[in-house]
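Included below are structure tokens for two forms of one protein chain, each presented in isolation as structure 1 and structure 2.
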Structure 1
């Protein structure tokens, strides 16, 4: 009875969260917070799809910016060359990312471990160079600019929410089905999986295809929302390939909701720093009249990426399976501290 109850609770929580997120724009009218929420949801999609390939299938990719960028460029180029609404690019962005994923997989999947990681990194960087060089087609470093469809952020918010919940749901469903178990068997021991009759190459490609598809969709949505892309923005190794990894690591690699938590932590943490703890330092500085506090606040504002980087190092050191993966550990340690008080 208790087990059934806790299972109910487990299923209910994401639904409640989703309902809460769906109602959010009704109470929250600030464009600033909606923008942050859109970024958060976008990172949910990217982090979750990276996690499917790396966390569940064990193929640590350093090239996910390739899929993100291809998705974004699909939407942008459709409008740029054919004057087709970039929203059609959303449907196609995922498909094109999937198509790019095919040769990507063909090149990388014969390799294992660190070699796979490096090959994916090189491919991701290679695509960025190609996008920069093929100026007549992609506009090169000039980039592509489109007019956003909606003035309000609310429609974008709902579209991103829809995309994020769909991608997380799909990953959850896959992981509960047969292919999901194949993925995990490949991660745990590829040779053992192959000897038991799992077609490892096929399932690695399936995992990559789903992962690339959602990342491409996220890229196309980014194009629609931001209205401007250039190769250095959307194919960026550090801003997307690496950030996708860090988001998943902080939240918990190999857990369905880990990247969601990680995305929230990443966006919240960076914003907390960027605003100087929402003006707390500036306020304290004014209140106490100490110039050093204000100066500290200004320093903190500039260190938003640094802060997140340090958080990542601390998390890898002390919570190697991420916040969700090591949740039991966190709970245990917190409980151990409390009775002592």
Structure 2
């Protein structure tokens, strides 16, 4: 009875969270905070996609910027060359990312561990260089610009919320199905899984294809929302490939809702540094007239990478399974909540 109540609570929380997010634009009129929420939801999609491949299947990737950029360029190039609405990129961006992922997986999945990770890094950097050099097709470093479809951020918010919800739900359903169990068996011991009859190469490719598809969808939506892309922006190793890893690590690798929590923490953390603790240093510098405080605020704005590093070190040391994975430990040690005996 107690287990049934606990399960109902566990299933009820995501629904309440989704309902709260759906109602958010009705009470949040600030375009600035809506923009942050759109970024948060985009990172839910990207982080969940990376987590499916690395967290559940055990294939660590440093190349998810490649799939994100392919999705973004699919939407941008449709408009740039054919004058087709970039919203068709929402249908085709994920498909093209999927088509890039398939041959890459077929070639590189015989590699394991660090070798596969390096191969994925080479994929992202290779496609970035191709997009930079092929100026007549991609526009090179000049990039591609489109006019945003909506003036208000509210439609973009709901579209991103729908995409994030769909990606998390699909991954949750996959992990409860037979392929999900195969993914976990490959992560735990690939040789043992193969000896039991699991086609490890096939299921690693399935995991990569689903991961690439959702990351490409996020890239296509980014193109429609931001209205501008270039190779440096959408194929950035740090901004997308590494950030996807950090989102999953902080939230909880190998958990369904870990990337959602990690996305919120990382977007908030990034914005905290970018704005100098939401303008706190600028305010204190102005109020006190001390130039050193203002200078410190300027230094903080440039130190977000250092902040990310410190955050990840703290998480690895004290929460090795991430916030969601070590939630029971957080409840015991931080909130002093102990399970009833």
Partner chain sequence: MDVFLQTLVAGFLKGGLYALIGIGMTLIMGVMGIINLAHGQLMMLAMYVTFVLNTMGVDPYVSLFVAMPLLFLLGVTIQKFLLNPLIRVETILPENQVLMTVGIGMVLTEIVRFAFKSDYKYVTTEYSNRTFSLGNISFSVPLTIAFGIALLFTLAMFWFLLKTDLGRSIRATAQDKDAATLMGVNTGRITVITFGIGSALVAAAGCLLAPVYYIFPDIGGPFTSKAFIITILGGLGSTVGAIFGGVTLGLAESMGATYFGMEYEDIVGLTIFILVLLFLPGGFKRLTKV
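Positions refer to the first chain, counted from 1. Each form is matched to the other, and the largest set of C-alpha atoms that superpose within 1.5 Å is called the rigid core. The model shown is predicted, which means the values in this text are computed figures rather than measured ones.
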(Q) Between the two structures, is it 1 or 2 that corresponds to the form predicted alone? (A) 2
Q.
Just want to know which of 267, 234, 76, 186 is the hinge point between the rigid parts that rotate between structures 1 and 2.
A. 267
Q) Smaller rigid part versus larger: rotation angle between structures 1 and 2, in whole degrees? A) 12
Q) What Cα shift, in Å, does residue 283 show between structures 1 and 2 once the core is superposed? A) 4.6
Q) Supposing the core is put in the same place in both forms, how far has the CA of residue 297 shifted between structures 1 and 2, in Å? A) 4.0
